[in-house]
Structures are given as C-alpha cells and as structure tokens.
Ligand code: 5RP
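In structure tokens, the next block holds one chain alone, the form predicted on its own.
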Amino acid sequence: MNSENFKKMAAQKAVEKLHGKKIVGIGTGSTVKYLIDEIGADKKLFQDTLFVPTSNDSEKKLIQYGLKVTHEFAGLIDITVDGCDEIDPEGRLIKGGGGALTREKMVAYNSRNVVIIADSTKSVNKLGNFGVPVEILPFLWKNTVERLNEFYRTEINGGLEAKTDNGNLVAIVRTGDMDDPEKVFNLIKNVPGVVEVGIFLNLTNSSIICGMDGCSVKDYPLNKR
C-alpha cells in the first residue's frame, strides 16, 4: 500500500465523526479530497448539513456532489476535518502548503472540535523540516521576504502567479526542525506584511493517522480554544 491508500483510510474513519453534525468545516488538500468523496458517496446522510470549506477547490468539489456550503453563520462550527503537512506528538501542525492556511486557521479556530487526518509520513518528532508556509501581502512583498530572510531562508512558493484564494502570496520559510514552534511563530507573525503563519498551535483535538500498521487515533485534551 502507498500513502494514497493511507490517506483514503484516514478519510474513511473520519467521515463517521460527521454524522448528525449541522455545520462541518472541510479543509483543503489531497487527504481531504478523499474525505469529500466519502461524504459525496453518502450524500443523503448530509443533505441537511452545512459545510464550511477552507478553499475554493474544496467548495467546488462539495458543490459538485450537491452539498450545501456556507461562509456566513452564527455560532461555532460543530466539527472540522482537515489534513496537515506535519503533525508532532503534541498535535501541533505545519499547514498551508496548498496556500489555504489563513482560511484553514480561521475555520479551525471557530470550531468546537478539530480532527486532523493524515498518512504516517506526516507524523514527525519536531516540526519544521517541511518548511513553514506564510501568507503575505503582495504590497511590498520583496521587503517582507527580506525581513523574513533576516531570520530564516525564505522563498516565494510557486512564483508571483501562485496567488491564494485571498489574492495573496505564499512564502516558504525554511526553519529546519523547531525546538520552540511558538517562538518561531511569534517571530514570523510580527513581521509587517505577514497575514498568517502556517504553524498551528493548540487547535488540534484529535488525529487519525494511517500507515502500514493501520490507523492510530489520538486525542489532545489540553488543546482548547
């Protein structure tokens, strides 16, 4: 079996958690695409569910299955399921390689329950080897990158044409393994021009990680909003 099989396994286990939920956050990425396919295959169970997608791609895929999407509602999202680029033993994440990090963080922050699904290659002891995606404004972007370069080597991901759904750019900050992700987050976030940082702290309630040994489900009870 390869990583695609493991992503599909994680999605299959996660879809069970969505039954009976009224408002569901849906993330972005290759693992989440399998989740949307699972939801679409049983769409009669979700005909009264409102989905909050974190990207235009996820929204289009949900609509193709005839599912309802919303960006406006009162209160909290019941549950959000999303993927990740890296997850450490404490449930801290690197996210946003696909450019949706700001919307992903907003949806996670406004959710009662956040479930991360991934294949086992995303599980790491320390965050950082993937690089930290950072959404930045196009205005004076060279200056923003220059300021970030004072801390870590930084590059624009995909070039100037690769805009986020918000119309911004994504930089990849090469931190290497991080001993203190919160310190790195604050360092990057304080640079003017930075919209959001793809380090997710204290947001994960549980994870489903699948690999050669099957699927591991883990809770992170200290992570609260």
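Here the structure is a predicted model, which means the values were calculated and not measured. Numbers for residues come from their place in the sequence shown, where the first is 1.
In what follows, reference is made to the form predicted in complex with this ligand, a form of this protein that is not presented.
Student: Tell me, yes or no, whether Gly29 is in contact with this ligand in the model of the complex, where a contact means a heavy atom of each within 4.5 Å.
Tutor: Yes, Gly29 lies within 4.5 Å of this ligand in the model of the complex.
Student: I'd like to know whether Gly98 contacts this ligand in the model of the complex, with contact meaning heavy atoms within 4.5 angstroms.
Tutor: Judged by the heavy-atom cut-off of 4.5 Å, Gly98 is in contact with this ligand in the model of the complex.
Student: In the model of the complex, does Lys8 come within 4.5 Å of this ligand, counting heavy atoms only?
Tutor: No, Lys8 sits far enough from this ligand in the model of the complex that none of its heavy atoms falls within 4.5 Å.
Student: Is there a heavy atom of Asp85 no more than 4.5 Å from a heavy atom of this ligand in the model of the complex?
Tutor: Flag for Asp85 set to yes.
Student: Please name which of the stretches 107-115, 138-146, 151-159, 75-83 has residues with heavy atoms lying within 4.5 Å of this ligand in the model of the complex.
Tutor: The contacting stretch is 75-83.
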